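Here's a solo chain for you in C-alpha cells, the form predicted alone.
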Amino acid sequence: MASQEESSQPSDTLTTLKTESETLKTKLEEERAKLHDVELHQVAEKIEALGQFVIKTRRTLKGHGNKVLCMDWCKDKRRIVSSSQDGKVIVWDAFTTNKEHAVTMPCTWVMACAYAPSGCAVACGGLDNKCSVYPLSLDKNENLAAKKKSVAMHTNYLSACCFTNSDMQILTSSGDGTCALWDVESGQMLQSFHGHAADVLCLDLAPSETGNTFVSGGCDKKACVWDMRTGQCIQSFETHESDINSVRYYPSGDAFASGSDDATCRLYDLRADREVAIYSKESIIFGASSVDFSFSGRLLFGGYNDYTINVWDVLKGTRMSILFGHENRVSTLRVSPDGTAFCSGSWDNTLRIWA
C-alpha cells in the first residue's frame, strides 16, 4: 500500500506544478495587459508615410548545386559566405560575383554559416551536429579543409551559428533544444542555454558592442532572450502559432522581430516586455523563413516560402512592397552591414543581391 502511495505522489506534484505554472503565466499576461495602453500603429499614425522606392535584383550568385540554406555578410560589406544542401560552403565577392573560396563539407545540409568579425574565418555546420571553423587566407590554392577546426559538438543538427564580437567565441543553436557558447581556440563549451522544449531553429546576437544577450527561436513557438554570462533565460515570448524560423534584433537592440511558419512576422519590445506588432495579410498563407531590418530599422524584410520577399513598414505595420525573382522558397535573407543592399538565398540554388 505504501509503495502505491509513493508512486502516485510524483505525478500528483507534477500536475500541481503544471497548474501552478499555468496560473502564474495567466497572472503575468494580465499584468502585461494592464500596462498595454496603446498600439504601435496608433502611435505611428502621425508619422509621415514612406515614399515609393525601387528595389531590384542587382546581382545573381550562381554556383551551388542544391538549395541555399544560409548566408552571412562579411564586415567589409562586400564578401558573403553561403552554405547549401549539396555540402558546399562558398565565399563570394558580392560585387564582382566571383567565388573566392569553396569548401566541401563532409555532410550535406549545411544549415548554418557565419563570417568571423575580422573577415579571416568562416564557421559552418549542419547535419554533422558540429560547428567547424575554417581560416581563410589570400593564397587561392591553399587547401582550406586541412586547416578545419571542429569547435562545437551538439547531440543533434546545428541550426544556426554566429560569432560574438570577437573571432574567439561562437554561439550555436541546435535541434537538441539547446544553445551554447564555445571557445574557438580550445573547443571548450563556455556556457549552455537550456529552456526551449523543442528544436532551436535560429539565434541572433544583440547589436551593442557590450552585447551580453542574444535571442533564440524554435519549434516550441517560443522566443527566448538569454544572458550569456549566466546562461539564464531573462525574457520569453510565446505568441506565435507555429515554429519560429528566424529572429533578428532591431538596430537599437531594444526590440526584435521574428518570422514563423504561421505566416506572420512579429515585433517584440524588450522594454515593454511584450509583442507590439504583427505583420501579416489575409493573402499571405505561407511561412516566413527569414527576417531582417533595414539599417534604420524602419523597414522589415521577410523572405517567405511562396518564393517572395515582403517589405514591411515596421511602424505602421503595412506592406510597402513585394519582391519577385526567386523560383523557389526564400530560405535566408540578410541586410549588408552598411545597409545599402540585402542578400537573399533560395531553394532555387541561387543568391540574389537586391538594392
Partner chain sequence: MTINTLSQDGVQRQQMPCLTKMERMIISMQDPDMGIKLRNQRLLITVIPHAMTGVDIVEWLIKKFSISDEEALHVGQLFIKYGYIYPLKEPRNLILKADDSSYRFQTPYYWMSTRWPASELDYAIYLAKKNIRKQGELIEYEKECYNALHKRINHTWDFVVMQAREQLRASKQRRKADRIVLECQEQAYWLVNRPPPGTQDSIDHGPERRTMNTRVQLNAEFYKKEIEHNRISLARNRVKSSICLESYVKYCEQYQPHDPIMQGCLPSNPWITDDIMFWNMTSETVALPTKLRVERWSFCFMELLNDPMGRKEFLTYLEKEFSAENLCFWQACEDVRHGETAKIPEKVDEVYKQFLAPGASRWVNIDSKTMEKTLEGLKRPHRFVLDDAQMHIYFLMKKDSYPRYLKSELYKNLLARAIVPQETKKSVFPFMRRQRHSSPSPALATQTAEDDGKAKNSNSNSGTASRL
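Remember, it's a predicted structure, so these values are computed and weren't measured experimentally. Numbering follows the first chain given and starts at 1. Between two forms, the rigid core is the largest collection of C-alphas that superpose within 1.5 Å.
Omitted here: the form predicted together with the partner chain. The next part is about that form.
Colleague: Wondering, does residue 77 line up within 4.5 Å of the partner chain in the predicted bound form on heavy atoms?
Modeller: Residue 77: contacts the partner chain in the predicted bound form.
Colleague: Does any heavy atom of residue 120 come within 4.5 Å of a heavy atom of the partner chain in the predicted bound form?
Modeller: Looking in the predicted bound form, residue contacts with the partner chain include residue 120, since a heavy atom lies within 4.5 Å.
Colleague: Considering only heavy atoms, tell me if residue 104 and the partner chain come within 4.5 Å of each other in the predicted bound form.
Modeller: Contact with the partner chain, no.
Colleague: Taking the shortest heavy atom distance, is residue 201 within 4.5 Å of the partner chain in the predicted bound form?
Modeller: Judged by the heavy-atom cut-off of 4.5 Å, residue 201 is in contact with the partner chain in the predicted bound form.
Colleague: Note that the partner chain is not shown here; using its position in the predicted bound form, name the residues of 334 to 355 with a heavy atom within 4.5 Å of it, in sequence order.
Modeller: In sequence order, 338, 339, 340, 341, 342, 347, 353, 355 come within 4.5 Å of the partner.
Colleague: Is the shift of residue 340 between the shown form and the other one large enough to count as movement, that is, does its C-alpha move by 2 Å or more after the core is superposed?
Modeller: No; residue 340 is a residue whose C-alpha shifts by less than 2 Å between the shown form and the other one when the cores are overlaid.
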